[in-house]
Every structure is written in C-alpha cells, then in structure tokens.
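First comes one chain, alone, set out as structure tokens in the form predicted alone.
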C-alpha cells in the first residue's frame, strides 16, 4: 500500500483557492492555480508567491561545524563570497553540492552561516533525512551536532520586482532590514530564542529569517518561519501584494522559471553521475583558470580522475513547443548523442534576429511578440559549442534547438534592492 502523502501548512489554503494539487516527492503540492503561464509572467513582471515548505532545513552546530561542512560541501567556505572570493561570513549564504565518494550528487543546497559554530543547510523536498544522515556519518569523531528540521518550519518564497515593495508593507523597520542586504545574504531568525530573532519581524512581532535568494533568477526573498505561523505570514503577504499584482504560484512556474535562469533540478539535471562538465562550475571550488580545486572535499578525488566524457549543456528552442523530457533523445546530424534532462517553456522570452530577449528587456524590439521559447538541459556524449543546432525528440515530436550559454536575459536577482523601492 502506498504511503500517505505529506501536506504543508498551506495545503488547505491551496485547495480553497483553486490550486491544482499533484504528488511531488512525498508531498501534495499545487502545480498551478489558474494558469502556469500567467504565474511565470507574474514573477518576471510583478511578483509571485510560492509555498516551499516541502523543502528541508538542517541545523549544524558545534566547534567542528565549519570543518564538517568544508569537507562535505563542494564550495570552499574560506573563499566563496563575491568577486573577491571572501570567506563565508555571518549573514551570508552560498550555493553548492553534497557529493558522495564517487563525485555524484546527493543533493544541491544553500549553506547559511548564522554565526561561528552555527550553520543552516537548506536542501530539497524529502532530502532532509538523507542529507542529515550523510552529515552525521561524516561527523563521527567531530564536535558537531546535526539536527533535521524537516516538516518543522514553514518556508515561503516571494519572487519578482514588486516583492520588495510588498515586503516593505508587512515588515517592521523595512528600511533597516533591506539595508546592506545583497544577493545571497540573510537577516533575522525563525527561532524566537535566537539573539537574531529581533532583526526581522512582521508587524505583529512574528520573527522570521529573511534570505535574499530564490530559485527563479528574479529579485526576491526566501522566508523561514515557525510552522505555526506559515498561514498567517502567507495571508499577510497576499493581502499586501494585492495592489502590486502578486500571484500565488505552483510547481510548474517554479520549474519553468528556474530553467530560464539556468538553474538545475536535483536528481534530474544533476544526479548519479560525476558532477562536472555542466553549466554550474561555480558550484565547485575551481581555482582561477578552472583546472584545479582550491580544497580537498568528499568526492573531489573522483572528479579529478573521472574519465566520463559526457557534458550537460543548456539549450533554447525557436518557439514554445517542447518535448517530454522522460525518454526524449538528442540527435546531431541524425546521430543519437544523448538524452534530454529538462525541457520546459520559459513564457517570458522570444527570439529576434538570432538574439533572445526577455519581456523585461529594456531594449527588446517593439515588433517582437513574446510568446515563449522551450529551454532546458541535455546530457550528451561530448562537448558542443554554443550555437550548435541539435534536434530533441520524444515519441510524438521532434524540435530543433540551439546550444546556448544563457536563457532568459535581464534577470533581476542580483540587482540592488533600492532600484525596486
């Protein structure tokens, strides 16, 4: 008998407000409300709100917490922040991977430094137990404690250019919260006992951890709160965002937005193969020049000696048609060369004279009607140069696509918050 699926604290809200519920991992989640297309466009043009409480949070404490993460996590925590490769300091977070000894991805993650000896690890749905167990095994003999908070927190993502004005309406002292809050930084804490809990609060005093990050490529925040506050926080943000066109969004828009931002889906675009030769070299601690690592980490020896010739590459099509990635193949001049990992449609982009524009591009041609382009990732036998045309096929359709280095241009994630106030 199949096990019962889990529900996030917002499940009843989703059902009551037209969410189309699907099974995703161990959870019942909304795939869309009225229109995945409109939800995607809302994030690029206004703002979208996502229930991400299915994701898992792990806390790592102790004198050896840094050493444990420096060994298990792919990023070099002594030199991973900004263009000057500064160390991971209090209030910063960084994207990377947890690998096994074969260099295969267990999961990708954001690691947050709360303070010396205290870190927070955010992993994907249903992966809290797996990653926490992995860390605990590697922690043997170290002074460190690993605590899995799966299903104990609420997590909400607000993404899009209007998200700053919306959050300014629901936060105490928003000017102080937004001050010195660059991309991949955080303030506050979800634990009311933390000394940081007073940094970020709702108007009613509810504490939250506010992270300047997301999975869409657009400016916005990820919010962590105690589970009992999730519905209240969601409804407060929805009410504040009504005048700005805030739209509740489901998994479909989250998937198409992340692909348009050239971000991988764990266990689909990264998985049980050497995690190298892909569009995400920044997840590994490459030295300048990209031919050596700046530290030794779990899986590094396997990556340094791998003979796997395959490459994961980004592609973009010529219209919004897509193939079913499950079982789809890649062909070059009639020869099968690989498989399709992800194929979605970014509804906010179009091509004009060979160039890709976003609906938000300030220089997009007036005559260009944005209808969307398929995009995603393929895994092929060898490297292909940008501009190479290949064909992707499923059982019903064959589509011509082009190898690209980027998908949706003019993304806003890294822009200064003051530009949106």
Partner chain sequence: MYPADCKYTKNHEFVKPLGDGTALVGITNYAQEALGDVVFVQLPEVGAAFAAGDEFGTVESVKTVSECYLPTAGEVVEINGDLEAHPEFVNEDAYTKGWMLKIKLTGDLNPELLDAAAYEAHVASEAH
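What you see is a predicted model, and the numbers here were worked out from it, not measured in a lab. Numbering follows the first chain given and starts at 1.
As for the form predicted in complex with the partner chain, it is not shown, yet the points below apply to it.
Asks: Counting only non-hydrogen atoms, which stretch in 266-274, 319-327, 136-144, 295-303 is within 4.5 Å of the partner chain in the model of the complex?
Replies: In the other structure, the partner sits against 319-327.
Asks: Name the single residue among 36, 45, 28, 356 that comes within 4.5 Å of the partner chain in the model of the complex, judging by heavy atoms.
Replies: Looking at 36, 45, 28, 356 one by one, just 36 meets the 4.5 Å heavy-atom criterion.
Asks: Of 88, 347, 340, 186, which one comes within 4.5 Å of the partner chain in the model of the complex, counting heavy atoms only?
Replies: Looking at the other structure, the residue within range turns out to be 347.
Asks: Does any part of residue 32 reach within 4.5 Å of the partner chain in the model of the complex? Heavy atoms only, please.
Replies: Within the cut-off, so yes.
Asks: Using heavy atoms and a 4.5 Å limit, would one call residue 15 a contact residue for the partner chain in the model of the complex?
Replies: Residue-level check for residue 15: no, no contact with the partner chain.
Asks: With the partner left out here, which residues of 393-409 have a non-hydrogen atom within 4.5 Å of the partner chain in the model of the complex?
Replies: Read in sequence order, the residues that approach the partner chain (within 4.5 Å, in the model of the complex) are 396, 397.
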